[in-house]
Each structure stands twice: as structure tokens, then as C-alpha cells.
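Heads up, the chain below is alone and in the form predicted on its own; it's given as C-alpha cells.
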Amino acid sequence: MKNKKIVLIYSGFERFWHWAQAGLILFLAFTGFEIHSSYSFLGFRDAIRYHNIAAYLLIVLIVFAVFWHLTTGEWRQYIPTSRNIVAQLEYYVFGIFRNAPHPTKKTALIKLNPLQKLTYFGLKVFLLPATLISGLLYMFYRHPGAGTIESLTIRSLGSIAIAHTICAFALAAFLITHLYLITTGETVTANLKAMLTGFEELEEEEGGRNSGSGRHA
């Protein structure tokens, strides 16, 4: 049986970025659905105002996160790979319910399994940018030009609104899936604790190299 060791997996900034991003996305969803008249809580005008403020804060956070990933080399964590991706999918569909061993090993240098890499790559490179760009276009559909106020056409504005809403639902689906996968660690709260404290208990292989074969989101 392999020994286990407590390892620092997530840095302070990484944890701050994760929770701040999650909070802002949830708040954007909350205000966004109110803007769509799903319910009334803040009021239409305040919902728009707070939604826009949260969008700007998210953009600032993303800028800092991109800088951090580039300067630390953590961007390499998200490069997709086809290695073990089928085994990982089979684990989530079948193996996890049979208490099968995890097909990939988690370390401080390899935090994400193949499906996570593919998912987060799509989230960061496609879904989040598409959400922000469509939101900004919708926000600034009226703009100054040649001394007048110009607008996008009604047709283009409608398409932008639909695209932004589709992105919002995709983000909501990602969050729901993410919340479920959080509970698939060695214990129900293991992954949550790791993102709160930064430390995670991983198996230690021969030679002192730390890895993990337990379940993780």
C-alpha cells in the first residue's frame, strides 16, 4: 500500500481566482435571468447596472489570471491530450460507481485529468470569451460615430442576445456538472477542502514523487 502525503496543489492566487470567478459568474447569472424577467428581486434597472459592474470585474479578474498563468507556466495545465481520455470517460460513466481506481494520477505538476483539460480549455478559450464578447456587444450596441449615435441593426442585436443567452446556459450547465464532480473525491468534501486550503492528500510513489490515484473532479 502506498503512503500518502499532504501536498500543496493550489496556490493562494489560484484559490482566490477560482472563488472570485465562480462568485462573479453566479452573480452574472442571477442578474442576467432577472434582466430576462425570470423573476424580480433587484429591479430591472439595478439588475442591469450590477450585471454590467460584475462583467467589468470579471474582465479585470481574467486579465490578472491570464498574466498569472503566462508568468508561472500554469497555462500548460490546460493543454488538451488524447492520452487516457477514453479511460477517463469510462471511469466517470462506469468505474466511479464500482469504486474503480482512477485512470490518471494527480500531482502538483499535473492537476487535471484528460477530460478536465479538454473541458477547461474549451471554457477558457471559447466559452468565456464568447460570453464576454457577446455581452459587450449587447452592452454597447449603441455607439458614437461621426458625431451621431449609431446602433447595430435589430437583426444583429437579436442574434447577439441569443448567442449571449446560449453561452449563459452553457456556463450554467458547466457549473452544475462541476458541482457534482466536486463530490467525486476520496470523500465528498475532499476536493472542496483542497480548493479552500490549497492542500490535498496524495499518494506517494517510490522515489518520493507525489501522485494520486483516488477519485478527483
Ligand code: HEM
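Nothing here was measured: the structure is a model prediction, and the numbers come from that model. For every residue, the number given is its place in the sequence shown, counted from 1.
In what follows, reference is made to the form predicted together with protoporphyrin IX containing FE, a form of this protein that is not presented.
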Is there any non-hydrogen atom of Ile35 lying within 4.5 Å of protoporphyrin IX containing FE in the model of the complex? yes
With a 4.5 Å heavy atom cut-off, would you call Tyr78 a contact of protoporphyrin IX containing FE in the model of the complex? no
Just checking whether Gln88 would be counted as a contact of protoporphyrin IX containing FE in the model of the complex - the rule being heavy atoms within 4.5 angstroms. no
Using the partner position in the model of the complex, report whether Thr165 sits within 4.5 Å of protoporphyrin IX containing FE, counting heavy atoms only. yes
Does the trio His51, Tyr138 and Ala161 actually contact protoporphyrin IX containing FE in the model of the complex, every residue with a heavy atom within 4.5 Å? yes
Report the residue, out of Ile110, Leu132, Ile96, Leu123, that has at least one non-hydrogen atom within 4.5 angstroms of protoporphyrin IX containing FE in the model of the complex. Leu132
Please pick, from Leu70, Val188, Leu179, Ile59, the one residue with any non-hydrogen atom lying within 4.5 angstroms of protoporphyrin IX containing FE in the model of the complex. Ile59
Scan 170-186 and write down, in order along the chain, each residue with a heavy atom lying within 4.5 Å of protoporphyrin IX containing FE in the model of the complex. Leu171
